[in-house]
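Given next, in structure tokens, is a single chain: the form predicted alone.
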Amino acid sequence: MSALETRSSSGAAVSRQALARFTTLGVGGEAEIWTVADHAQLREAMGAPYRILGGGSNLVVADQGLGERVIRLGGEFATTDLSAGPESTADTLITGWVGGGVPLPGLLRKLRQLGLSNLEGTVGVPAQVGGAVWMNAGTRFGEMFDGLYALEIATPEGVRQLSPDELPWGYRHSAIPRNHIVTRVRLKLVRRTPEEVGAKMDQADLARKGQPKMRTPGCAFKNPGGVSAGKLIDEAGLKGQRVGQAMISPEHANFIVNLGGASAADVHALLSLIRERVGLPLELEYELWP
């Protein structure tokens, strides 16, 4: 435990830190961060206004920070059980529980090694499992709900387990309320060879080669009506446009990158400029805090 870290009554690790270090964009002021290892610690953490932080992608945190506490999942919520459950068949494997705090890229590497298919379309999403489920993250090759069998969600009223069929999920959307936390999931995976799974993952990964490698939250806007948001922004002549140390990527116009030292205010200014110049309603993929 560091000098700046204390323990709550249930044992959760509590510290005050800049959220910039926990996001893929690298901007954001300070907040009180609670790292919880079990349901008792999570219940205590949810006892005051809070937000849940996963892998920090698709997220722009205000420069002034947050008044609410920020919850991060660790301990039992960061474990992976890929053993076959009793519902499994010769062709389909229903896993044990996979924690919401498990990094998605590491999980996909394991699925590739084991020859387990259904989540190849999420390759390259720098998220944790819980956050990826909450927003139904994915690409044109597939999304998180393709491989879900069951979810466990912590709510202010308690913990509940449900089937994906109980949620009206869709494109980058799960209908899970903002103050509910995906603590664990069970996966529904198809048995293939490692080579077959690897080929699918490589195909999805190849499609990302034109994306920027600098610090970024990911795609800024959802594609409106099946039209590429990046193409619309490019046609508006905005590639390479800068505000402060934030820039619309010259590689892919639907990405805003941090050149080093960007602020959330810089990013917001670029988002406003894009909407003004494109002239069409554009829905953010980013979460904006606050």
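Note that this is a predicted model, so its numbers are computed, not measured. Residues carry their position along the shown sequence, with the first being 1.
The following text describes the form predicted in complex with a small molecule, which does not appear among the structures shown.
When the small molecule is considered in the model of the complex, Ala207 lines it closely, a heavy atom lying within 4.5 Å. Although the partner is absent here, Gln245 sits far enough away that none of its heavy atoms falls within 4.5 Å of the small molecule in the model of the complex. Contact annotation: Ser263 falls outside 4.5 Å of the small molecule in the model of the complex, judged by heavy atom distances. Using a 4.5 angstroms threshold between heavy atoms, Val27 stays clear of the small molecule in the model of the complex. Partner proximity in the model of the complex, defined as non-hydrogen atoms within 4.5 angstroms of the small molecule, places exactly one of 157-165, 134-142, 79-87, 189-197 at the interface: 134-142.
The candidate spot formed by Asn258, His268 and Leu270 is out of contact with the small molecule in the model of the complex: none of the three has a heavy atom within 4.5 Å.
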